[in-house]
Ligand code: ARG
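A single chain comes next, written as structure tokens; it is the form predicted alone.
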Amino acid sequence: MFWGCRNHPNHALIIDTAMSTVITEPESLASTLEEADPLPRPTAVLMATPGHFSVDYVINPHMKDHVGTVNREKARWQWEVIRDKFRKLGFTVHELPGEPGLPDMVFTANQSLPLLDKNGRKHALMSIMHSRQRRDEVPFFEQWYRRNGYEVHYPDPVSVPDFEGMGDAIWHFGKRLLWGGYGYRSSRNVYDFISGTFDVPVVPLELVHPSFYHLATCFCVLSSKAVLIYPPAFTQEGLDLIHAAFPVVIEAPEQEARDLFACNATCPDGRNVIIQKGCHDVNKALKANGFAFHEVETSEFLKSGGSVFCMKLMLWQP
């Protein structure tokens, strides 16, 4: 384990001590992004099988009224379609067996943050789940990482009480620069820790809408130049940072963002977007900006507050 955290003044525009850079000023972001080291595209996907998926409790607004309503046979079919989409796009898909009593383990974006250091070594920062119902998921992912040659780390649980992996921490396409959501499921302090520990610049974004509790529900990196967002989920300061980094900012309408989780789509290769069926306005904008969209059905998983992005974890594998 690797525990430790540097503390920094919250008022600083750029926190830069030793190997830590946390960016909160748009004017600084452009140069930092330009100078950021390249990050190879992931070649593999980790998905957890949905045999035990269900809605057994309410830990987000989307779960309300859906306890006990999941059709597992339908959920399995929807999961397999998404798995096969990744395979057709050329990605290796690893399947981690779901575990009894852990109905949300299927959302594999949440339990960790995988990364490569500057020398190409594989690391995984494990999550400290905000909800007690999900904390027992993390050890199964740690075991998978250890079996597959990743060096495993944990943040200090005193300094960082909450961190939900790639639900909130999202890599800029092709760059060793991390976008970090905080406010509901992840602590702001975790990004100081990540930046200082792994020598990577981080752009923190405060989330302010309870229906968009993870960054991955309102922020979808499409390419190095384009992003899909739901603007009311962010502060004005956050929106300024997003617009400073991306020449193309596609805005999802409320209904598609809230009800269909449009921004929980994924674009693993910079061109092909896998997205929940029915996001017509977003799909038109994607097509107009040169992206191909692939519609899938995730209705059973929407009952638990997740869609395509949440159901996969992008990985670097040999």
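Each residue number is its position in the shown sequence, starting from 1. A quick note: this is a predicted structure, and the numbers were derived from the prediction, not measured.
One more form of this protein should be noted, the form predicted in complex with arginine (ARG), which is absent from this view; the next part is about it.
Residues within 4.5 angstroms of arginine (ARG) in the model of the complex, judged by any non-hydrogen atom, belong to 105 to 113 and to none of the other stretches in 223 to 231, 150 to 158, 89 to 97, 105 to 113. Think of it this way: in the model of the complex, arginine (ARG) has a heavy atom of just one of 39, 59, 33, 47 within 4.5 Å, and the residue is 59.
Contact with arginine (ARG) in the model of the complex, defined as a heavy atom within 4.5 Å, holds for exactly one of 83, 134, 172, 122, namely 134.
Interface membership of residue 167, defined by any non-hydrogen atom within 4.5 Å of arginine (ARG) in the model of the complex, is confirmed. Of the heavy atoms in residue 304, some are within 4.5 Å of arginine (ARG) in the model of the complex. When arginine (ARG) is considered in the model of the complex, residue 190 lies well away from it, no heavy atom lying within 4.5 Å.
In the model of the complex, no heavy atom of residue 186 sits within 4.5 Å of arginine (ARG). Along 209 to 248, these residues reach a heavy atom to within 4.5 Å of arginine (ARG) in the model of the complex: 213, 214, 216, 217.
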